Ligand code: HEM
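Below sits a lone chain in structure tokens, taken as the form predicted on its own.
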């Protein structure tokens, strides 16, 4: 490309003098940084920002450009010159799981899908969803007993499956089939590893694990197709997400395939990120009895969703709990890595990015920059006092720009209300087993068990 001006997707010319991004040390012949990524992905990524705003890694012979500054990340995500699109090995893998929903579809399709799905996530519908979530919390936690030891992540996946299905499908009650759906979702989640993220062809091998995964996929797709048919047939707004996905006018609506892919995205994303974030939050509170008591006291001081109160009113009275959620989403962000692809020769800041290059964004990297978040390894919910995380530079658990997670308001509300509900009645005491972050498709708390104790009334 030397000697010829580079161009953006919009046809604008780039400066002739651009830097080549620095390459991270430690790459090996043929495999590049693959071994380091598999051995310690968080350590590898956390070491990059001091090298520059954009740093090159290699997986095999293919360069990947890691974005390390909030300005560079915002440029890629907001994409003012249409120079980037969803793509790369991460999205190849995700599309094999959830199709072309809003999280994975090319940006050319995204705007229409988002416009048609957006009414389902309107602020005016949040109180209805909140009441549904609270009812599921009441039913689920009623089975807990003092002294019981919880294997936390499976428990919270089960809870998140119930709440996500209930907010999506209120047309009917779920009976015994919920156990099968929950297992199908678990099989999906457990199937995803870093190696499969960067080598999605592994999913096509004829292994027992892949056969189980495909069986679970078929079960979920069959369930969704049956629900789409039922919702199309009755045409009633049940106050849930699926009603809003399926009741547009005939000449301007999501197709059955688009509804299915959108529903699969919301179902798997809602269950996975909600359960993981709840688990990290409870782990953190179990480590800090004083903070735990403060959060419980805040929840006790208000009436939750009865007496005609709206979800927004309740959220306003839970500032510390919201701070805990914001800090969990910063320090232990579930979606810790995703990619874009350059659709034309372009630049990020002063760095040259060639067409077809894979660009890797990691909220984990940005969330642990001390210039953005002082003492980033400390858990400090009070750093959010009087501060809106959704407007904070560098805080990107839901992405940014036009492709920001459409359900971010619902997800944040669900996490806040769930944490308030659980801490009102229960203290979760740590068990001696060590807990460590395990980066897979999402950042998991590996080995987390907690013991239930009654919360003494205030």
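Positions refer to the first chain, counted from 1. As the structure is a prediction and not an experimental result, all values here were calculated from the model.
This next part talks about the form predicted together with protoporphyrin IX containing FE, which is not shown.
Enquirer: Can you tell me which of 85-93, 378-386, 280-288, 151-159 lies within 4.5 Å of protoporphyrin IX containing FE in the model of the complex, counting heavy atoms only?
Expert: Of the options given, it is 85-93.
Enquirer: Would residue 59 count as touching protoporphyrin IX containing FE in the model of the complex under a 4.5 Å heavy atom rule?
Expert: So residue 59 does not count as contacting protoporphyrin IX containing FE.
Enquirer: Do residue 365 and protoporphyrin IX containing FE share at least one heavy atom pair within 4.5 Å in the model of the complex?
Expert: No, residue 365 stays farther than 4.5 Å from protoporphyrin IX containing FE in the model of the complex.
Enquirer: Even though protoporphyrin IX containing FE is not shown here, does residue 125 get within 4.5 Å of it in the model of the complex, heavy atoms only?
Expert: Output for residue 125 is no: heavy atoms all beyond 4.5 Å of protoporphyrin IX containing FE.
Enquirer: Although protoporphyrin IX containing FE is absent from this view, report whether residue 416 comes within 4.5 Å of it in the model of the complex, heavy atoms only.
Expert: Taking the distances in the model of the complex, the answer for residue 416 is no, it never comes within 4.5 Å of protoporphyrin IX containing FE.
Enquirer: Please pick, from 216, 132, 358, 335, the one residue with any non-hydrogen atom lying within 4.5 angstroms of protoporphyrin IX containing FE in the model of the complex.
Expert: Of the candidates 216, 132, 358, 335, 335 is the one lying within 4.5 Å of protoporphyrin IX containing FE in the model of the complex.
Enquirer: Under a 4.5 angstroms heavy atom criterion, identify the one residue in 70, 407, 32, 52 near protoporphyrin IX containing FE in the model of the complex.
Expert: Contact with protoporphyrin IX containing FE in the model of the complex is made by 407 alone.
Enquirer: Using a 4.5 Å cut-off on any heavy atom, which residues of 271-285 would contact protoporphyrin IX containing FE in the model of the complex?
Expert: The stretch touches the partner through 273, 274, 277.
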